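Shown here is one chain on its own, the form predicted alone, set out as structure tokens.
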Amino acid sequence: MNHQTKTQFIAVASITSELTAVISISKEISLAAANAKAIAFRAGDKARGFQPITDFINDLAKEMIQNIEIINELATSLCRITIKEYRKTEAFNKFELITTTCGSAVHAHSMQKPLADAKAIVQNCQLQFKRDVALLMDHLDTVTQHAKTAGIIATYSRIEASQAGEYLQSLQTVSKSVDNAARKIHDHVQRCIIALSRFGSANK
């Protein structure tokens, strides 16, 4: 296995691990929103401003999970492409060795087509990999924006919670939970972006 293939496998494996964590954290945000909604309901008018925030947080968490599921599918596709590229590269190397060894043998020309076909498949795999990486990066950017939005909402919700009287502490705990989750998601996604950035952008 060459260095490029190893690098691709490592990148895909690392982002898969990071994304698993992001899904888990997104579900925590959704749960926090549900808890906040229950508390806001009990608080009544004292948490009137907090109630619509809980729906927004829940919707945001669902959107993040949907995006991560798409990203996971793309990551799986990248893994399949990398395996295919590896196998075809191995085939190309063997065909090339045979062609060189045959030299001016009578039927040496018969190796030219399989050699060219293997080379074309390898090049297609490399192009497809770059295209999928570019697409995946777009979805990661979307999740990053969602995480930033969640952080802003957490800040706003703390302000609303300050008017909730005896429910203040409970709602602030929820706000802090959402804020921490948003930060963690942002960090995980950034690590994915760094892992993929070495492969550069490609024309879509």
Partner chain sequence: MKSINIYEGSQHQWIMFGRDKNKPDNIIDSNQYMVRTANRCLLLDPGGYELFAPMMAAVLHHAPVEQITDLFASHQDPDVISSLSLWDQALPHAKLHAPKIWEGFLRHYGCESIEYVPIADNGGSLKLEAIELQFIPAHYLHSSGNFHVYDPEAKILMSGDIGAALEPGEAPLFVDDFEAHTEKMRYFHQRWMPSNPAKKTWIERVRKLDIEILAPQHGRMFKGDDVGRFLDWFDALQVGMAV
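Residue numbers count along the first chain shown, from 1. Since the structure is predicted, the reported quantities are computational estimates derived from the model, not experimental observations.
What follows is about the form predicted in complex with its partner chain, which we do not show.
Participant: In the model of the complex, does each of Leu31, Ala38 and Pro52 have a heavy atom within 4.5 Å of its partner chain?
Facilitator: None of them does, since no heavy atom lies within 4.5 Å of the partner.
Participant: Report yes if any heavy atom of Ile98 sits within 4.5 Å of a heavy atom of its partner chain in the model of the complex; otherwise report no.
Facilitator: Heavy-atom contact with its partner chain at 4.5 Å: present for Ile98.
Participant: Indicate whether Ser110 is a 4.5 Å heavy atom neighbour of its partner chain in the model of the complex.
Facilitator: Although its partner chain is absent here, Ser110 would touch it in the model of the complex, with heavy atoms inside 4.5 Å.
Participant: Using 4.5 Å between non-hydrogen atoms, is Cys79 touching its partner chain in the model of the complex?
Facilitator: No.
Participant: So, in the model of the complex, is Ala105 in contact with its partner chain at a 4.5 angstroms heavy atom limit?
Facilitator: Flag for Ala105 set to yes.
Participant: Counting only non-hydrogen atoms and a 4.5 Å cut-off, give the residues of 114-151 close to its partner chain in the model of the complex.
Facilitator: Contacts from 114-151: just Pro114.
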